[in-house]
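Here we start with a single chain on its own, the form predicted alone, put down as structure tokens.
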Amino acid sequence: MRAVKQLSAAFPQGWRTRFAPAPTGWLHLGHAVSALYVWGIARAFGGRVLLRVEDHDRGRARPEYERGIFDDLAWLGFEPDEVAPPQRERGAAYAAALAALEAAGLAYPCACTRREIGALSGDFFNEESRYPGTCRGRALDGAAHVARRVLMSDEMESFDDLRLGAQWQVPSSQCGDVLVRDRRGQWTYQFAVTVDDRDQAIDVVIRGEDLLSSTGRQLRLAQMIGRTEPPRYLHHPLIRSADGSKLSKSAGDTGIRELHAAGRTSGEVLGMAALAAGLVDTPRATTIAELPALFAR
């Protein structure tokens, strides 16, 4: 595994990264760890941080959670260099990208439900169920209530993760043709972030290892929508609950607002996050100003 501190030559001058939480719950200690990596690496190696609210899931996004994101980050001391428009304001950009794919014969309507896809794959519960291409050859009229998918050819995608090293993925084997707009007209995470990263000139994506499996399909989508220079990726370790599961917003794990209300200082919470991430060896309060040294030392 490659040490982040050895990567100074990997970052282009004036590079841009992003911190992109979803307003579907309150921020927890896992988000603080991700922010430590994003801001710490950016400040250590000359990058700029864009804050983007990823509210593509309109069924779960809430205004109070969005306000909480800004409040919690400000309390912790994470100040972005730029704030991007939320995804709810980006529908025209996503529609234009999809229209170009459809015009090139690379996207098609899909009427399959998740239950039907689960039945075909033999897995009703896995959101990563592979789509078998059922609607590829069907003559659907492309009505507004019909989903859209983008064709994934069988080629392999290879990339160099800035922490984990060489990676190989075959999106067609992992997920099949990628869903880009669902039957309710909502844009999917995979498509929205790819268009956003292109339009917002994101050079390096720093995020948790839980999203590593998405990288190959996002690189493929980026190429298909005309991005000639794809972003680099760095996937950092996750911190976990006592039972080994990933910290979850829905489970209320170690919430930032709860720690604040309990009297913890922002420095103490940053120190907890740094200790959980293995960036420091002993429990201690940590300041924003100290973050670059955790990565560049």
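Throughout, we count residues from 1 along the sequence that is shown. In this text the structure is predicted, and so the values were computed from the model without any measurement.
The protein also exists as the form predicted in complex with a small molecule; that form is not presented, and the subsequent description refers to it.
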(message) Can you tell me which of 7-15, 20-28, 284-292, 269-277 lies within 4.5 Å of the small molecule in the model of the complex, counting heavy atoms only?
(response) 20-28
(message) Is it true that Y189, R207 and L211, all three, sit within 4.5 Å of the small molecule in the model of the complex, judged by heavy atoms?
(response) yes
(request) Could you tell me which one of C175, I117, V193, L73 places a heavy atom within 4.5 Å of the small molecule in the model of the complex? (result) V193
